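Okay, here we've got a single chain as structure tokens, the form predicted alone, with questions on binding and movement later.
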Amino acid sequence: MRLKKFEHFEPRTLSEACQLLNEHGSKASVIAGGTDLVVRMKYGVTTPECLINLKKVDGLSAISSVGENLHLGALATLTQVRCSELVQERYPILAEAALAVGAAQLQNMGTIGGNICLEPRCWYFQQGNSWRQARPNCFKNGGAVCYMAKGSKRCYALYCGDTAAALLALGAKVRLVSLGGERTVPVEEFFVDDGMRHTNLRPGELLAEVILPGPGTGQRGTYLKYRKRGALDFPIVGVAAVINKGATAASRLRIAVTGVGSSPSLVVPPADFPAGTGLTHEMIDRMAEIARKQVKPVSHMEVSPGYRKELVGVLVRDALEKLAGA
């Protein structure tokens, strides 16, 4: 699995990186840790003519407190994130999610920005060229069929990033930069439920920073992941749950799910949650059932959609029971 020839650029500033991305457009791919992109390049799934390496861009790996918020540079490695005292103290759920990504070697190389922008996967497309050529092309390969959801009119490749679920539950935002300026959007608006285009990144735009709001009074959270093996594997289902005693009723509980669709998604709690008694057994059972009904998983080579639905309910129940006993 040799890599095809490509140009390699190492910009020193964000503006230089944006300029290169603007010049080369769809022919370029942005690389940080490379733990996902290089693998896809070796399989021939992605064939960029040039790589824009962000590793030498100043300031993109910093983790700093700005007022009540915490700012994570997109190039902060997952090891930096999970080992950061600021993250462990204020947002332990994010440290849990970063620790759940692959093995230690991948965490040392992989970045928070790369994990957020992780390309959706499917059992058909994530193979070598010779294997894919044995049948008609799927949407991702220029065709008009999806093997994840047969008969569908769009790509249903699965998004399998871990940290995005924690960031969704925490109500984080991302700062996006281009030659035309910058914008800050909530994480839930950054993702699009489409296997072909799963983020709202515009042409020539880069994810520069993740911004976490100050933890509310009594905030607690946890991230649970079900996978085939104890290390390396992407989540079959991942669930992040955050409860904040000091927030308004509408934002007091946030539950996010990953591994079941083309983007991570929030589970919308009932309007009357939480009741005055908080996380009772009845409320936990109710939220688990709501989560199970809301997710719409598609086929996967490892588990059926029905099994994944049940897993969502089980993990939501386990997460809330853990928070109730904290």
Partner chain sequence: MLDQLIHLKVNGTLHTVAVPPHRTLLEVLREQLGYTGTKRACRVGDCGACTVIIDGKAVLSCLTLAVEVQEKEILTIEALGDGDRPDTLQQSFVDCGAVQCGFCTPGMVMSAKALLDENPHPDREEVRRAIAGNLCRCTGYAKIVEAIEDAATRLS
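Since the model is a prediction, treat every value here as computed from it, not as a measurement. Residue numbers count along the first chain shown, from 1.
FYI, the form predicted in complex with its partner chain isn't displayed, but the following is about it.
*Asks:* Looking at its partner chain in the predicted complex, do all three of I284, K296 and K322 come within 4.5 Å of it through at least one heavy atom?
*Replies:* Result no, not one residue of the spot touches its partner chain.
*Asks:* Quick check on this chain: which one of T79, N141, T199, Q219 has a heavy atom within 4.5 Å of its partner chain in the predicted complex?
*Replies:* By the 4.5 Å heavy-atom cutoff, the listed residue in contact is T79.
*Asks:* Scan S263, S61, T35, S29 and let me know which has any heavy atom within 4.5 Å of its partner chain in the predicted complex.
*Replies:* If I apply the 4.5 Å criterion carefully, the residue I get is T35.
*Asks:* Heavy atoms within 4.5 Å of its partner chain in the predicted complex: does K153 have any?
*Replies:* Outside the cut-off, so no.
*Asks:* Please tell me whether any heavy atom belonging to A288 falls inside 4.5 Å of a heavy atom of its partner chain, as the geometry stands in the predicted complex.
*Replies:* Although its partner chain is absent here, A288 would stay clear of it in the predicted complex, with no heavy atoms inside 4.5 Å.
*Asks:* Verify the contact flag for V268: yes if a non-hydrogen atom of it lies within 4.5 Å of a non-hydrogen atom of its partner chain in the predicted complex, no if not.
*Replies:* V268: no contact with its partner chain in the predicted complex.
*Asks:* I'd like to know whether E23 contacts its partner chain in the predicted complex, with contact meaning heavy atoms within 4.5 angstroms.
*Replies:* Because no heavy atom of E23 falls inside 4.5 Å of its partner chain in the predicted complex, the answer is no.
*Asks:* Heavy atoms within 4.5 Å of its partner chain in the predicted complex: which stretch among 174 to 182, 252 to 260, 205 to 213, 99 to 107?
*Replies:* Correct option: 99 to 107.
*Asks:* Listed by sequence position, which residues of 37 to 62 have a non-hydrogen atom within 4.5 angstroms of its partner chain in the predicted complex?
*Replies:* Stretch hits, in order: V38, V39, K42, Y43, L51, N53, K55, K56.
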